[in-house]
Ligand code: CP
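Coming up is one lone chain in structure tokens, specifically the form predicted on its own.
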Amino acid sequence: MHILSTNQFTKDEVEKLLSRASEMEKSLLDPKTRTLLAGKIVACIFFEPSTRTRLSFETAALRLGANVISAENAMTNSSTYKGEIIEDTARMLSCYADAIVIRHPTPGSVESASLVTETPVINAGDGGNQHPTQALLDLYTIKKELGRLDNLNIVFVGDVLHSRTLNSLVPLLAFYPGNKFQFISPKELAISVEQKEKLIEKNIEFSEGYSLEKALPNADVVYMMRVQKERFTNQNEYERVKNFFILKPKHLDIMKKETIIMHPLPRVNEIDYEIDKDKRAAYFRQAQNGLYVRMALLLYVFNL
């Protein structure tokens, strides 16, 4: 059982995963939890830098009793540096591990790896394409924080063009009725025509805008996203657009008291540090939730 995209899940499967994540949160320190994956080995191989995804996956495996083998900077410290293709890397990892977690900068690369092995492969982010485990922890966070997953106004702010988080989360939220999406971005980083066509095909209600102040008053979820420097070939262009949208303390006054502020992290300058003190700032709780969701996902790929 591979996990490659949120598009592979049914609503029923998503609900079961959220429920299992809740079980993992409640039983985190239960000795029985530490035996669920005893004897298993999980390989975490990351071709792009990561803090939360890699470490939370490794922690999730350890919390479940599995062992971990990993490559933190696989572009330079694995045989990829010598020219090995991702398929051959996957074949070799399947000889050593019972599950493989991969992050790669090239869209579709993780799926390519999954095609050559029956060992479960989990997509930990492939370029600007998909990040399914992030989306599921986001969904879990919204449900915990707001108590529901329907009739929400979700505002995505920043680099919506390159956001694998957005690509992964919107299809999951679309399972629930009444949700509306608004994309606030510099014009250069607006949602692509291809992305729009997919949303229209799925009858997902969305709008675009260029004013943060106009979008905030009715938002239930404000999802801030950094402008992704690594996706730019022209760094002057990056410098020009990186500061377009910054959430500042003054913005809190025009937001609802129950609104939550999310961010997949790392942040660069999208959220003023003063906002961390506000109870609506959910992004560090969001990162914590990644542990429980990834524990649930590891159990899922092992059919446990």
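In this text, residue numbers run from 1 along the sequence as written. Given the structure is predicted, the values throughout are model-derived calculations rather than measurements.
Unshown form predicted in complex with phosphoric acid mono(formamide)ester (CP); subsequent notes refer to it.
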TODO: Identify, from the list 246, 265, 275, 41, the residue with a heavy atom within 4.5 Å of phosphoric acid mono(formamide)ester (CP) in the model of the complex.
DONE: 265
Task: Residue (of 167, 185, 134, 114) lying close to phosphoric acid mono(formamide)ester (CP) in the model of the complex, criterion heavy atoms within 4.5 Å - done: 134
Task: Distance check, residue 49 to phosphoric acid mono(formamide)ester (CP) in the model of the complex, heavy atom within 4.5 Å - done: yes
Task: Any non-hydrogen atom of residue 104 within 4.5 angstroms of phosphoric acid mono(formamide)ester (CP) in the model of the complex - done: no
Task: phosphoric acid mono(formamide)ester (CP) contact in the model of the complex: residue 53, any heavy atom under 4.5 Å - done: yes
Open item on the list: Please pick out the stretch from 265 to 273, 24 to 32, 246 to 254, 60 to 68 that is in contact with phosphoric acid mono(formamide)ester (CP) in the model of the complex, where contact means heavy atoms within 4.5 Å.
Closed with: 265 to 273
